[in-house]
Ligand SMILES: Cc1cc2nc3c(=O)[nH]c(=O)nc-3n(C[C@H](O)[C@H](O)[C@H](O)COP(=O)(O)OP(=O)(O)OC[C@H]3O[C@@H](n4cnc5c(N)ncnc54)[C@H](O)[C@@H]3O)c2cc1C
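The chain that follows stands alone, in the form predicted on its own, written as structure tokens.
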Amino acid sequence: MKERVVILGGGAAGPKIMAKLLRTTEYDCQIDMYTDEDMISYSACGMPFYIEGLIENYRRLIVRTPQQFEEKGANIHLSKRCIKIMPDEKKVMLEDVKTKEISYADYDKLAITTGARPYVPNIKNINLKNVFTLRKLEDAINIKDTMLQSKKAVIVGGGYIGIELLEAFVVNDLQVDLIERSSHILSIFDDDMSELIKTHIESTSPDKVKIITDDAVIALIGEDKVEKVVTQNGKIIDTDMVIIASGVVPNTEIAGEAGLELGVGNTIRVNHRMQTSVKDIYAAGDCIENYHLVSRSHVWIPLGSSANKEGRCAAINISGGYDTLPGILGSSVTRYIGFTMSLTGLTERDARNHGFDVITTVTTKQDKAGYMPESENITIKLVADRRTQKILGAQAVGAGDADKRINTVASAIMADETVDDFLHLDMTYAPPYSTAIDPLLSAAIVLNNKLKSND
């Protein structure tokens, strides 16, 4: 008899599990996927670029349609929300989003990939029209339609989504106020690197962008739709639309109620095989806790790249194979109008908080031979441990190729390299691609000299 695999959630990790199971011919199973949306398997990470206009048709963001999965043998149930997991009975309770009808589904193996939802702060009149969060493809379509009829926007939150939407609005000629509660935008970076990012954005778009830090939105004003934003510090800002981009919350309530062990931020705790604390229940994606390979601690860093790797790992183990995901480095990247921001591993701040004897260096170099017309500056910050001389993390920002340097550092951290080891990397060189000594190696040389001078 076929094993019954039920997947809850159709974002990134869920379809990855389903696709891998469908390709595993030696595992005979019946797959049922339930999602509260009316579509599955689309690129949420691509939505800001659809809003910007780089992608003309939102359908380009759809990786696979329900019909394509069903042709391979899976059963896709749209607009069906799981409201209860019953591990003892190996059953889930489902509610039809539209009709509110209740139904049940039995499983032999269950995969929870319910993702995360936007965090919405306590703001008065938050339900006015033209106030949006960005989670579903429908949200992106509505934001774009409203943007094209607007002249002013307010973005609440200076994280990755906030910065990507800032670019989208500025490119479409809107005046934008970005309001961040903390002292720096993109606070996942160290303060000195965040300040470089802020300076670039303000200098690139001086007539279009105003960045407000150390402040928070407390109220919205308007008769029917939002017309003004009121901040904690007393600012009143005219606007045509508001985007709430204040972070996310994991969708794990049903998991907790079912007795699954929860971890950091109420995420689902899993082992390296994506198994939860309850037999035959797996989890992957933005709803699970991560293990950080440098700090050796549990964290929550929800990323699309991690979700796909977690989904693949879960599918292999669900099907009776054996696979592990050792952990993450939190490697990430975004951009603002030709300016790249990327990091991996621990920041200086996080490294100190975890008790490392931290040593850092910040260098600015051209990413290609200086005589090449496309040569641009990048600023690289390397973080290492003075005692072990191991590389702990890196951040890179600039108009040049910053992200490929971060990918190189990520590989070095995974290989447990010291700074001295790193100096011997045989990196490629040609004038259109790098300087003779790559700027990343130049940064490592400076860091190595600092380490040696402290011996």
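The first residue of the shown sequence is 1; numbering continues from there. Given the structure is predicted, the values throughout are model-derived calculations rather than measurements.
This next part talks about the form predicted together with the named molecule, which is not shown.
K.L.:
Go through 422-430, 382-390, 66-74, 32-40 and give me the stretch that gets within 4.5 Å of the named molecule in the predicted complex, heavy atoms only.
P.N.:
Residues of 32-40 come within 4.5 Å of the partner.
K.L.:
Given that the partner is absent here, does residue 62 sit within 4.5 Å of the named molecule in the predicted complex, heavy atoms only?
P.N.:
Taking the distances in the predicted complex, the answer for residue 62 is no, it never comes within 4.5 Å of the named molecule.
K.L.:
Might residue 410 be said to contact the named molecule in the predicted complex, defining contact as any heavy atom within 4.5 Å?
P.N.:
Contact check for residue 410: no, nothing within 4.5 Å of the named molecule in the predicted complex.
K.L.:
Please run the contact check for residue 54 against the named molecule in the predicted complex: heavy atoms, 4.5 angstroms, yes or no?
P.N.:
Result no; residue 54 lies far from the named molecule in the predicted complex.
K.L.:
With a cut-off of 4.5 Å between heavy atoms, is residue 164 one of the residues that contacts the named molecule in the predicted complex?
P.N.:
Yes - in the predicted complex, heavy atoms of residue 164 and the named molecule come within 4.5 Å of each other.
K.L.:
Scan 116, 147, 209, 329 and let me know which has any heavy atom within 4.5 Å of the named molecule in the predicted complex.
P.N.:
Selected residue: 116.
K.L.:
Of 172, 305, 277, 231, which residue is found within 4.5 angstroms of the named molecule in the predicted complex when only non-hydrogen atoms are counted?
P.N.:
Looking at the other structure, the residue within range turns out to be 305.
K.L.:
Are there residues in 396-413 with a heavy atom within 4.5 Å of the named molecule in the predicted complex, and which are they, in order?
P.N.:
Counting only heavy atoms within 4.5 Å of the named molecule in the predicted complex, no residue of 396-413 makes contact.
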